[in-house]
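First, one chain by itself in structure tokens, the form predicted on its own.
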Amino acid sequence: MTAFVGTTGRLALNSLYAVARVCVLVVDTLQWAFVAPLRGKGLRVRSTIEQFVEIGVNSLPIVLLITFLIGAIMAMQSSYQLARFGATRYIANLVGVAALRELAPLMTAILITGRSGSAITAEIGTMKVAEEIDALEVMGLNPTKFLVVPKFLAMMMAVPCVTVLAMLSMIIGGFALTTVVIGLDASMYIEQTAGALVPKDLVTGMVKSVFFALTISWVGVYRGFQVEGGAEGVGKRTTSSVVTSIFLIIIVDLIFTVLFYFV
């Protein structure tokens, strides 16, 4: 009983401590990103643009390729069932709605987590191990302003932009397979897609992408600041960052899916 209570207490206290640290990080980031520039404390625009290119532009090839293939796979798999009812024309509806509301935002977030979220953790963790963050503080430079804010702003801009292109890529993947392999008329596919999609579908996907970006950036930064113990610690926290981000992305996705279902 003593061991059980002690373990439960330690887990609860560690969880509360982690929540408190995350809240402090979130408030500090928002202050340096939106409030401090208005007070003349500056914003690292050049670094933000560089991070946007790294997170957004450089991730486009892999994101577009994978979403294109997923769109084709969705079209192929759905055709088996829809063909039994003579409803192959509705493949376009399924692919279009699923791409905008669910799969394109989710796949984009997961791919950027593996590519850029892990890189954020590794970069900050390496700097912490090398005591470069301590050096910034000694020089009177705020680590949040110089390390966190550019990555945060770049992630907030990059993920929604890449998500829009991923939506288009997934629809094109379904279109290519349906018209070339299954033989559905191209004009019919376009007509069905246009008729099935409504503004709410796009809004749902874009809102999800914004919160996915928040999750990826803050988890990556938080895990980076947790690094201890040299290169081994960097590796452990980087792995933990990816796993935690994907788990939280799924949770966020579930929350907004339920929310938009009733809205």
Partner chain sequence: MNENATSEPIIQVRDLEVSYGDFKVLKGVSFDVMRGETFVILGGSGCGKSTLLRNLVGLMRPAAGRILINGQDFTAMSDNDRMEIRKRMGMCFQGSALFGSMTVGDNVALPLREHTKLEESTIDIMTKIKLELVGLGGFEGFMPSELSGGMKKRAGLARAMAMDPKMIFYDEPSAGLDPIVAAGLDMLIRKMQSTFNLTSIVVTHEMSSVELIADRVCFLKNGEVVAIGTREEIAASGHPFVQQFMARRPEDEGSDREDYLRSLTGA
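Positions refer to the first chain, counted from 1. Treat the numbers as computed from the prediction; the structure is a model and nothing was measured.
There is also a form predicted in complex with the partner chain; it is not shown, and the following applies to it.
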State the residue from M156, M127, M74, M107 whose non-hydrogen atoms include one within 4.5 Å of the partner chain in the predicted complex. M127
Counting any non-hydrogen atom inside 4.5 Å, which residue from D185, E191, D134, E102 sits next to the partner chain in the predicted complex? D134
State yes or no: in the predicted complex, is some non-hydrogen atom of C161 no more than 4.5 angstroms from a non-hydrogen atom of the partner chain? no
Exercise: V180 in contact with the partner chain in the predicted complex, heavy atom 4.5 Å: no
Classify G140 as contacting or not contacting the partner chain in the predicted complex by the rule of any non-hydrogen atom within 4.5 angstroms, answering yes or no. yes
Might F146 be said to contact the partner chain in the predicted complex, defining contact as any heavy atom within 4.5 Å? yes
